[in-house]
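Taking the form predicted alone, here's one chain by itself in structure tokens.
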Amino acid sequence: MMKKQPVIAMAILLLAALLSCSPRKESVYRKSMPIMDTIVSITVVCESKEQAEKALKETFAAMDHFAGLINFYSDASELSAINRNAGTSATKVSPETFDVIEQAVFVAGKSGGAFDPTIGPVVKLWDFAGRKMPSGIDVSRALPLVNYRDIILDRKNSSVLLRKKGMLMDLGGIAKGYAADIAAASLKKNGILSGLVAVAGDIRTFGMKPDRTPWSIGIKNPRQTGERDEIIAKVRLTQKAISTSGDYERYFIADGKRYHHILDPETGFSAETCRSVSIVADTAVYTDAFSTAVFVLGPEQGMRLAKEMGFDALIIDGHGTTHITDGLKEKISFEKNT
């Protein structure tokens, strides 16, 4: 009998070791909320509902706070304060506002102004919901106020100045991606090791799904035939972000021509050489802004910029032809021909 005790003890130790090494039971939790004039959906993978709820609550609060800082249409936002003080004085802003503007200026410089956050005076002339376009005269009067080089950043004082009176900064082309990155950082801070943040067409992934496979992200057909969304491709991602800019998001048809919200800062009118651009990179702030820049530049210049930045890209040009970087080919599967 005495000889059996070490055997029993060893069996207990082995069982404990096996239990401690067994995979943790993880579940998927999802929540959606309206933020930044869109629906934000967050999916997290964790062990308990309590952990998920706490992380999601703090994350949505952080996103909502950021949205309030950079709201183009709210007089109370820091962005509106910058715009009111254009041509007169610098505006002291929070670290988040300064950082997103600094990132916007970086993208503008890299894209040669194809992405320009000072396009606000032109944006205000368009009414896509009302199907109204501005006159060429009105656009030509607004264009001299569009120049990212007239954004003066003072990092030491965390202040921003628009050099000319009448300038308007609009961060709509970068803010949603930045918010997705804020969300990912907040979730990780709360112990979430895997998740997916979707802010309209800007998506940030980290970690893997519970079955240890990458997240699968659908890319919409820019010329779908039915009322339901048609997915033309799926991209498998982990630890990456993806953003899609398309001429189908906000648009109207007039005299047989499509007018959409992705405006060329050089002309003040809708960019015409692409239907859809998807960019894959490490952060959503870059995928958001660079997808707009590449769309404006067109397939040839846009693909060169994507490769220069080390990004993957899927471009569907104005003729419906698909252009894709080599790095994306192993991560993408097409549902149908485009």
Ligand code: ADP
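Numbers for residues come from their place in the sequence shown, where the first is 1. Every value quoted in this text rests on a predicted model; they were computed, and no experiment measured them.
Just so it is clear, the following notes concern the form predicted together with the named molecule, a form of the same protein that is not shown.
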Decide if the three candidate residues D170, R250 and H261 all line the named molecule in the model of the complex, where lining means a heavy atom within 4.5 Å.
yes
Find the only residue in M208, L143, A90, V123 having a heavy atom within 4.5 Å of the named molecule in the model of the complex.
V123
Find the only residue in I42, A306, I70, V296 having a heavy atom within 4.5 Å of the named molecule in the model of the complex.
V296
In the model of the complex, does Y178 come within 4.5 Å of the named molecule, counting heavy atoms only?
no
Although the partner isn't part of this model, could you tell me whether I219 comes within 4.5 Å of the named molecule in the model of the complex, counting any heavy atom of the residue?
no
At the 4.5 Å heavy atom threshold, is A114 in contact with the named molecule in the model of the complex?
yes
Consider T59 of the chain shown here, and say whether it contacts the named molecule in the model of the complex, taking contact as heavy atoms within 4.5 Å.
no
Proximity to the named molecule in the model of the complex (heavy atom, within 4.5 Å), stretch among 25 to 33, 307 to 315, 286 to 294, 62 to 70
286 to 294
